[in-house]
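Before any questions on binding or motion, here is one chain by itself as structure tokens, the form predicted on its own.
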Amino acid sequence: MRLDKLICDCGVSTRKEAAAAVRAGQATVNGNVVREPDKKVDPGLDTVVFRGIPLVYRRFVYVMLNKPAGYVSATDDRSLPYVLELLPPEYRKRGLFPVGRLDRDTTGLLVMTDDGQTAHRALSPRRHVEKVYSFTCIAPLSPDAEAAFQAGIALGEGEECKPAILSPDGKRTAGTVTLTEGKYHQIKRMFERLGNKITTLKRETFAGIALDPALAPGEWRELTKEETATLLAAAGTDKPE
């Protein structure tokens, strides 16, 4: 791996900034100053220090964010707050992005990573990755609502949802929905087809990973080793192709 790429991948600078700093003598490899940005280094064997800070290389980073309302699931937006703004600069420099999207007013668990293969496969319809949402709705659900969800609700114009699990509470104005797909505004549209309307929606789990209850809206943390293993297993990237 090139030295400037390793520095960039550690999230401490951009690739361009890393190259300039290396040329200025601000990096060492195994105790020796290196001025060539294209110097080949082995992340597992070589000790790299950049601007006095030893670097610990990680190929990918996985983050759990408790998405607040009002933020769009994007890496950039000129007119609206976006989720990447909630992460520190070193994570933004790595190029993290959301694994899937939550609507602007939907809250809860959003996984972010720079692992494109795992993100792509976790979102693939073939993987059937489960997502669980808690909801409140404007009126009590009808007695046949659970059966309608289980049968697969037609959204109109030839678009039909896969079977889903609806679990309302005793008053039938709140509960959970479990999906294995992610169509545009899917849950809201499903409720509208039943003559009802969602008032709040929060993602509680994704791919077997539960939102950490200690995270307030807008807070984040990296996934644990166990959670990362769960995500990779759900996406099928825990095994070689």
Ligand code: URA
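Just so we're clear, the structure is a prediction, and the values are computed from it rather than from any experiment. From 1 onward, residues are counted along the sequence shown.
Form predicted together with uracil: not shown, discussed below.
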Can you work out whether Phe135 and uracil are in contact in the predicted bound form, taking contact to mean some heavy atom pair no more than 4.5 Å apart?
no
Looking at the partner-bound form in the predicted bound form, is Val83 within 4.5 Å of uracil by any heavy atom?
no
At the 4.5 Å heavy atom threshold, is Leu102 in contact with uracil in the predicted bound form?
yes
Indicate whether Arg51 is a 4.5 Å heavy atom neighbour of uracil in the predicted bound form.
no
Proximity to uracil in the predicted bound form, single hit among Leu55, Ile209, Val63, Ile187 (heavy atom within 4.5 Å)
Ile187
Candidate stretches 150 to 158, 83 to 91, 164 to 172, 102 to 110 - the one whose heavy atoms come within 4.5 Å of uracil in the predicted bound form:
102 to 110
Members of 150 to 168 lying within 4.5 angstroms of uracil, judged by heavy atom, in the predicted bound form
none
